[in-house]
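Before any questions on how it binds or moves, here is one chain, the form predicted on its own, in structure tokens.
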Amino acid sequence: MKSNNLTGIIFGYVHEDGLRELTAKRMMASVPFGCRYRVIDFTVSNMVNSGMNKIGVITNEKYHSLMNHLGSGKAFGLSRKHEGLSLLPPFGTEESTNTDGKKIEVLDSISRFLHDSKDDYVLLADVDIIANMDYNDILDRHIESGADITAVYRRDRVPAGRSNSIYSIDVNDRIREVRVTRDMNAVANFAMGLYIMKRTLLLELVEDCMSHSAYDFDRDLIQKNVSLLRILGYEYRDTAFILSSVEEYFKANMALTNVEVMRELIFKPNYPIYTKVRDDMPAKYGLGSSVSNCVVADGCVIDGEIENCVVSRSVKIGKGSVVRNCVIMRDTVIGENCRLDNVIVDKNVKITDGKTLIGETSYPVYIGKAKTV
């Protein structure tokens, strides 16, 4: 696809506190999603499908699994001599990179990457958004409107468990007021963590913030400039999930069992979601097995009963086991005569014969990576 004069910056570590169990040993960007993806696959695929050729992913100290997953960017068509995909390594201390309020400091640390870009515009994107989005629509609107900054927002119930910018927007889509809040249980215009602006303007604003020891992107760059710059809102109305908590992560995965949601997110014509290829045999269903309304990846061996589940690659479910409303990650083995309901099972878990694990939709049981139950 033709380049669109837009450089992408992905904050791969943001909002990890809400998914503390899943991000204890990995970045938010590396969290598995669906039956074969990582969270970052959606943002990178959106950028590639929108014609972006230069993409930087800002990491923290837990970047090893992300590096293994993304590699050179070949799976996304970004393995090239010039531009392509860059992992921007962790800087400073753990406190510097793990705090969402340090984005200005992070952007200052990658200023050379921004200076070296030949694109006029830059897209800043938080990684915790699951959506299939065409960024060209946002860029076109930004250019046509003459905005200094375009901020993508969603009018819905504000996601709990994360810091949110709430916008007051006039009839001309100009943002007139920004409130930064947490756990606001109401319907409002909340920021999706997507911003487009000129690259030179971003560098100027970051330099100004750094000179005043101001490091919070939402408060110090957006909120304080709302009356000084022309900041417009762009409402995104299509299917999207904000991974603000384990409960929301569970709901987003379960939504994939809805065919319409799957078509909107994964099988959208001309907008594929790319991921690292792992060749494996087709899923195998044993005699007496039962599968109803599930998403099952390749390499699985199903000998039990599964219903309303998202099952990742190379999972084995033994005879007599009943698994309902669960997210089962890669290479997990569930023994015989087990019962699981409303459970999130991380990678490489072994659940021995006869175990019963039952959670609630609003509070699913979580089994950590490589655990034996």
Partner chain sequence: MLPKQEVVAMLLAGGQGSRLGVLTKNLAKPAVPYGGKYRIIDFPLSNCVNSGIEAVGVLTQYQPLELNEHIGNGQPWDLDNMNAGVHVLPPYQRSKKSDWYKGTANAIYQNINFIERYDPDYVVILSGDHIYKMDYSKMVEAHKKNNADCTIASYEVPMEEASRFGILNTNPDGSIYEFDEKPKVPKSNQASMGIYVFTWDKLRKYLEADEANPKSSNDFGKDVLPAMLEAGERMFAYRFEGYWKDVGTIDSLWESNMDLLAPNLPLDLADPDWKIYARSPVMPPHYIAAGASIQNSLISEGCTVYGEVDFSVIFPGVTIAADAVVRDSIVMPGAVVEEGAVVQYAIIGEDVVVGKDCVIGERPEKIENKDEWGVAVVGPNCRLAPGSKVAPKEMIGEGVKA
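As the structure is a computational prediction, the values presented were derived from the model and not from experiment. Residue numbers count along the first chain shown, from 1.
The discussion below concerns the form predicted in complex with its partner chain, not included here.
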Heavy atoms within 4.5 Å of its partner chain in the model of the complex: which stretch in 27 to 35, 321 to 329, 55 to 63, 342 to 350 meets that?
27 to 35
Contact label in the model of the complex: Met184 to its partner chain, heavy atom within 4.5 Å
no
Verify the contact flag for Ile273: yes if a non-hydrogen atom of it lies within 4.5 Å of a non-hydrogen atom of its partner chain in the model of the complex, no if not.
yes
Exercise: Val296 in contact with its partner chain in the model of the complex, heavy atom 4.5 Å:
yes
Using 4.5 Å between non-hydrogen atoms, is Pro89 touching its partner chain in the model of the complex?
no
Quick one: of Ala131, Leu114, Val180, Ala283, which gets a non-hydrogen atom within 4.5 angstroms of its partner chain in the model of the complex?
Ala283
Among Arg141, Lys224, Lys74, Lys102, which has at least one heavy atom within 4.5 Å of its partner chain in the model of the complex?
Lys74
Within 252 to 275, the residues that have a heavy atom no more than 4.5 Å from its partner chain in the model of the complex
Thr257, Val259, Met262, Ile266, Phe267, Pro272, Ile273, Tyr274
